[in-house]
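The chain that follows stands alone, in the form predicted alone, written as structure tokens.
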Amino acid sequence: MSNNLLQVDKLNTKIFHGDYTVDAVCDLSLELKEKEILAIIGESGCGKTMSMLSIANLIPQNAKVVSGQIIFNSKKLNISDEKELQDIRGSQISYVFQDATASLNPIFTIGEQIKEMFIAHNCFSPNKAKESASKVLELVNLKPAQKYYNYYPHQLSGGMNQKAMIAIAVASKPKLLIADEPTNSLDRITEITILKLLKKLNAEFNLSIILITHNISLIENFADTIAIMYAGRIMEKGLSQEILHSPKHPYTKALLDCLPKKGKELNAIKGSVPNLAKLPSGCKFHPRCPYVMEKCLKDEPDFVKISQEHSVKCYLQ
């Protein structure tokens, strides 16, 4: 029997804009084991967030998951059943949004917002919920808890608000945490602090994590596996060390070449991420690819298996 906590097969999400439709997520397939940390990496606009919002059923009103299958914790989910997905979301799947300050309610204290999670999902009494909220504040290193419990979001730094969002997310002891750019706009030291916190929660609570990021330099010692996204598609996926040290897709190589290296000039990927409403034919990366061939212009390649855990969507393999 598979030990996958999450399995997504050929998930497709469309966004409807008046007289045209955007294929925001195309044939998304991925697996996530229990206790595993998966990093979804790509430039802004590549479909990372929309893919994860589709799994959590948090997509905008003008979007729809039109096909595909999601199996979570050995149960096939009905992607059109809002009630079923709502019951799972928050209790078994938690989502940490990119802008913590905007996601927190400004008129309630941090402690009260965590307390509400225990009341909503665990049916705790107010006193027990407050006690549990204080323990979670300690867990995410907002100490002393009695101090931070009474703080409002505007009284905290960006990093502290992100810790508060993580506290809310893990209050119900979910099996899966999706963290969308949790270190965005934070300084390097705070970035590392947040990733260490997520790693600690992963180890202590057997928490599976999907981390969305555009910063490939952050995840070498953090993620177990990596999926590279471009134009709403996964282009390469595999074990972290294989992807980082033996990349096969030109886009993955280009992302890694953008990292600063001692004694070398910074590189940039030529061109820009395509408009999802006007995608090129064939391989969606071909207008920016230095290795483009004639067949890349016409037909989109299938996945090629490089090793047991490593697959790539490219004709070069």
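Note that the structure is a prediction, hence the values are computed from the model and not measured. Just count from 1 along the sequence shown to find any residue number.
Omitted here: the form predicted in complex with a small molecule. The next part is about that form.
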Margin query: Looking at 50, 283, 32, 70 here, can you tell me which has any non-hydrogen atom within 4.5 angstroms of the small molecule in the model of the complex?
Written below: 50
Note to self: To verify the annotation, which of these, 269, 26, 276, 56, has a non-hydrogen atom within 4.5 Å of the small molecule in the model of the complex?
What the structure shows: 276
Check: Is it the case that 46, 62 and 98 all touch the small molecule in the model of the complex, with a non-hydrogen atom of each within 4.5 angstroms?
Finding: yes
Check: According to a 4.5 angstroms non-hydrogen atom cut-off, is residue 199 in contact with the small molecule in the model of the complex?
Finding: no
Margin query: Does any part of residue 17 reach within 4.5 Å of the small molecule in the model of the complex? Heavy atoms only, please.
Written below: yes
Check: Closest heavy atom of residue 242 to the small molecule in the model of the complex, within 4.5 Å or not?
Finding: no
Next item on the list: Give a yes/no on whether residue 116 approaches the small molecule to within 4.5 Å in the model of the complex, heavy atoms considered.
Entry: no
